[in-house]
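Shown here is one chain on its own, the form predicted on its own, set out as structure tokens.
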């Protein structure tokens, strides 16, 4: 039994497709779902929104994080882990455009993420995640975090060029 955190983000768009697909996982794992504005109620503990500190604690404690293809992908990666990500799709009314689809395709090609394009695959993806995560962490190390001082110097230099 894995501890699974599912998070759909803080935006105004519901992600009913992902929240509904969680039901089989709830029967086999310890699952918590952050549902956002979704209209589907999962059969396991959930909350519409979480304070950032609570979300960070849950991310750190989870064995598997299933997330929309948004900012949470990077939060999970920075914890040294591999997120399972599902892109919101504009044609399904899950987002105003398909930027999450484009982002997830790029991350799938070069990044450290498990992309899920058919939510019916989630139970198999979760079952295979420990081994897949170990392999991806070894094969695709993340670049180091940006040095804040160096970033500020770079931005100052760019701003100086703009005001000339």
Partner chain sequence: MGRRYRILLVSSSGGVLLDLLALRPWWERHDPVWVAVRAPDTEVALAGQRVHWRPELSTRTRLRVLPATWRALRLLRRERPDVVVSAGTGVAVGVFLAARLLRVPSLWLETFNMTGPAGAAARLCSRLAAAVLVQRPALLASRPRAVLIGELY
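Residue numbers count along the first chain shown, from 1. The structure presented is a predicted model; accordingly, all values stated were derived computationally and were not measured. If you superpose the two forms and keep the largest set of C-alpha atoms that fall within 1.5 Å, you have the rigid core.
Beyond what is shown, the protein has a form predicted in complex with the partner chain; the following relates to that form.
Here the marked residues 69, 78 and 146 all reach the partner chain in the predicted bound form, each with a heavy atom within 4.5 angstroms. With the partner chain omitted here, the record of contacts in the predicted bound form names 100 to 108 of 114 to 122, 100 to 108, 127 to 135, 23 to 31, defined by a heavy atom within 4.5 Å. Among residues of the shown chain, residue 12 is one whose heavy atoms approach the partner chain to within 4.5 Å in the predicted bound form. Under a 4.5 angstroms non-hydrogen atom cutoff, the partner chain in the predicted bound form has residue 49 among its neighbouring residues. The closest heavy atom approach of residue 1 to the partner chain in the predicted bound form falls outside 4.5 Å. Fitting the two forms on the rigid core leaves the C-alpha of residue 148 displaced by at least 2 angstroms between the shown form and the other one.
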